[in-house]
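Just one chain follows, in the form predicted on its own, and it is written as structure tokens.
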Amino acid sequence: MFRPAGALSTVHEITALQYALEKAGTRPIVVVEQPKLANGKTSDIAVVTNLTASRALVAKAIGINDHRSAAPIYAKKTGTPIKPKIVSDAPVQEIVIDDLTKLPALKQHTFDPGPYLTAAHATTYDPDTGVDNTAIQRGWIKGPRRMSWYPYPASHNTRNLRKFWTRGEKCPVVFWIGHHPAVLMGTQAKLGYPESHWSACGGLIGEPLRIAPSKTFGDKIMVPADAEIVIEGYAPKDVLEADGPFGEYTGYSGPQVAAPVVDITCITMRKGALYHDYGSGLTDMLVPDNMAMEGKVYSIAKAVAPALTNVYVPAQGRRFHAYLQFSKPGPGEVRDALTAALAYRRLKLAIGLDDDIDMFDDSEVLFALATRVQWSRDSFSIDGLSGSLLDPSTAAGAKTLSKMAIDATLPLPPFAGVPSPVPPRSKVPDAAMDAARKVLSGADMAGWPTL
């Protein structure tokens, strides 16, 4: 954990620190004890960021010792729901404040118009069934009791919002901030509609999630009892205001949009609360959702391809690329799985790999692409599929995208029991490798070139 000395400003400086750490290749959790607000005052609420920047730490937080095995384990855990436990003693409701601008929300990037909630979990409910939904969605703090809120157009929260507005009603919404990383990962589970995330969180943490009635909406919208901060309010019917531009997970500044606003009714927090921020577009934001995507894509592709063993959504590909790994696939099985994976909205490239390739090593993936692929034979594209409209390569006004798959697995053997008709990979004996590692273990490598 890194606690920088002195005060850092919530205007760009904390985010700049995250960029510097990322460039240095280090991903410690960062706690800024005395964040300096835009008005020059020092906040009593500390900021924690980079909480989920390390894939290895996030995996351990959800009970996975090896982050490389996250996809099948995450899929199993979130697919085994545990109902939440309703409590009356909610630490998150110990303190009541009356001003959003007292929160040390960050203005991250150059073109952001102001301070944004970036790690706020927006919770709404379906007025037809009463089933709640939770998703991480941004909010621009515009004043002491008002903020914009951008629920992505295809999200379940947008469906709930529209249902309330169609009824002529304002939409109740709660934003909660901060919790154990396992709970934050549980809310990223990709569920059907309507389906609550509370039980998926329970499955991931292995016990019932403690929830409590919200102050404004009672048991119609529950909140995690052990969260850090809760913001409650209503989105008035058909009221839209400018929101953005905003630095997105794509690494680009997204355009200004018309977004709902929320009039705040209540703000509560626990004693000694920490304000959680995600570095938008940085690994800190990409890791948790990417790992959740791995679980979903694994479930989708495994249904058609029993030979699938693992899925990886690398941060370098934002949320657009996925690697699928196979052990002894049958004829057509890799293509079946790749086609199924591309049905997942965010993906636009899926690559199939053999289990001798370390898919967590970019050089290994490039080796497979260089030596196992003939483009006319092993790649295919599909037009007219749904995708992320935040992708900056999308043509203006486009509603669907073009997606691509690459089968980088070795050709199948002509019949069972026979090796693939390709030369074996070059290697040295295991004993020789062990001896080489022993030689290096005692060497002083300081000053050796790394590039």
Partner chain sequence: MTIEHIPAGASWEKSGNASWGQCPKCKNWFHLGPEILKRPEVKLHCPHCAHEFHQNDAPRLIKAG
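Small disclaimer: the values here were computed from a predicted structure and weren't measured. Numbering follows the first chain given and starts at 1.
Just so you know, the form predicted together with the partner chain exists too; it's not on screen, but the next bit is about it.
Remark: of stretches 174 to 182, 257 to 265, 288 to 296, 211 to 219, the one touching the partner chain in the predicted bound form is 257 to 265 (heavy atom within 4.5 Å). Interface residue remark: Thr394 is counted as part of the site for the partner chain in the predicted bound form, having a heavy atom within 4.5 Å. Contact between Pro113 and the partner chain in the predicted bound form is found at the 4.5 Å heavy atom cutoff.
Interface membership of Thr283, defined by any non-hydrogen atom within 4.5 Å of the partner chain in the predicted bound form, is ruled out.
In the predicted bound form, the partner chain sits within 4.5 Å of a heavy atom of Trp140. Here is the short version: of Ile382, Ala38, Leu389, Ala56, the single residue with a heavy atom within 4.5 Å of the partner chain in the predicted bound form is Leu389. Note on the partner interface in the predicted bound form: the residue among Ala343, Ala303, Ala242, Val87 having a heavy atom within 4.5 angstroms of the partner chain is Ala242.
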